[in-house]
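Quick setup: one chain, the form predicted on its own, written in structure tokens, and binding and motion questions come after.
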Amino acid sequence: MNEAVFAHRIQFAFTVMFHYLFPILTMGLGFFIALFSTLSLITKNKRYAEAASFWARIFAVNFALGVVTGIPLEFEFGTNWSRFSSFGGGVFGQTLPLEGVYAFFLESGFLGMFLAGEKRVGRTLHWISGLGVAGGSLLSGYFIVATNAWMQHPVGYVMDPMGRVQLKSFWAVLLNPYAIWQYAHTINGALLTAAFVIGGIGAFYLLSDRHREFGMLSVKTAVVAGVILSITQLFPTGDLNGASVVRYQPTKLAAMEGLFDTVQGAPLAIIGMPDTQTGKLIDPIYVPQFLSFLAYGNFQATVDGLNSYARELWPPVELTYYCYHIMVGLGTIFIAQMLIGLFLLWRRKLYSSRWFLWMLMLTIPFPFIANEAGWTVAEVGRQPWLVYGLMKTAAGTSANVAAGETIFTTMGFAGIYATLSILFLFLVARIIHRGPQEGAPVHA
């Protein structure tokens, strides 16, 4: 890999991973805002209205940072990835604008209406705007995932005489079988992240003996939702998303599991260190035949190893393997943590178990790490392809942008993002310090 291609990849990875921190929370919080708003309408309980209002303010700050950090990505398509834009623009030029024109305006418009308050827009429109915030966030996420899924498993296109892809079926792209479970797994991860944030901040209020009723509602909501979401993150969404990898990207599967040799009755690696020089997994602990079962539903099925493919078609094995195991390991911890919380709720000790509240608060960053790790597996595991089977990554970069120029602008992005991070933390900390607006309007 030449220096310019490496610099372009590093810059895009850095900017997209920083940006991804914000949509993860926005997509998840939108659902909970709609949930609290609906419960307020049904029960007339002012606590739900306070919760919807509080999380909408967090959502607004997060949404603004997500928009700002997403803008450089659009420019990078033209500056650093111009050959990719020329090659695939006929397809993703249809889906990405939809994310911006429809989902973005739907999301931001309804958010403004929701923040304006029930007194100004009326209770019915206020409730509808809460649903619109959630719908816009989820729709926005789908267009992004569908675009990425096309790069993972290109469908619904034809090649023109110039060697560029042109859209043949818009619906084939939107209903790409790779997109369905990738989206479900991504959104489930976003909802789980929001549950941890809600629970962690609620735990903070209980530990500091402030806004106790709001804290109790937040922690209870997080635990109940967290149990469901952490389990469904594993099955069915994770399992069926993995089935797409098995079917369409066998080299990614082999890298995820550190499987070098083709094996009948392949074992599942719990831990171990992949060594690409020797083609072995160092100090592994295996579950015998379980990878074959997970991949094909048959303990005796044959799973292709990396050695079945040309070396130049291998993804970066170590990064894919470790990120996958970080994601799965954290996911397992999430299930255990939320089940403990549910047990404490059942024993009526959830709000007084300070050790659990501390754990809930301190684990807020972990779902973000798990989501970033999962996204890294999806993107790095697809290498060396930019569009799987059609265009390699090195062929998609701009030919006239030098490595030094990209490194320079990356340093600029790092400085700007550091400033934005401080601003974001300051604004969110101020909202948390002020707490919920007690006595917020209630749907009545």
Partner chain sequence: MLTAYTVLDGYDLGVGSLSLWIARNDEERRMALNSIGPVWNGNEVWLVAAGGMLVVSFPRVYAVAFSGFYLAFMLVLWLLVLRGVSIELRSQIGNPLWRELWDAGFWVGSVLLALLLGVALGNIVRGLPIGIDGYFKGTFAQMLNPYALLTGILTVVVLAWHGTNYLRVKTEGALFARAVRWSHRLWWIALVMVVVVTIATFMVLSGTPRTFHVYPAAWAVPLLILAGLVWGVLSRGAERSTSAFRSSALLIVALMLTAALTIFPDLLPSTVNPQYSLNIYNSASSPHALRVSLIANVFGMIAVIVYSTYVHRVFHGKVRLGEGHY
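Numbering follows the first chain given and starts at 1. Here the structure is a predicted model, which is why all the values come from computation and not from measurement.
What comes next is about the form predicted in complex with the partner chain, which does not appear here.
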| field | Per-stretch contact check against the partner chain in the predicted complex, the hit in 326-334, 268-276, 225-233, 84-92 (non-hydrogen atom, 4.5 angstroms) | value | 84-92
| message | Please tell me whether any heavy atom belonging to Thr26 falls inside 4.5 Å of a heavy atom of the partner chain, as the geometry stands in the predicted complex. | response | no
| Should Glu372 be classed as touching the partner chain in the predicted complex when contacts are defined as heavy atoms within 4.5 Å? | no
| query | Using heavy atoms and a 4.5 Å limit, would one call Phe170 a contact residue for the partner chain in the predicted complex? | reply | yes
| With the cut-off set at 4.5 Å between non-hydrogen atoms, does Glu76 touch the partner chain in the predicted complex? | yes
| said: Considering non-hydrogen atoms and a 4.5 Å limit, which listed residue (Leu131, Ala243, Leu98, Val317) is close to the partner chain in the predicted complex? | reply: Leu98
| task | Name the residue from Arg210, Arg164, Lys349, Arg247 that puts a heavy atom within 4.5 Å of the partner chain in the predicted complex. | result | Arg164
| Whether Val5, Thr302 and Ala310 all lie within 4.5 angstroms of the partner chain in the predicted complex by heavy atom | no
| field | in the predicted complex: members of 394-425 within 4.5 Å of the partner chain, any heavy atom | value | Ser398, Asn400, Val401, Glu405, Thr406, Phe408, Thr409, Gly412, Phe413, Ile416, Leu420, Leu423
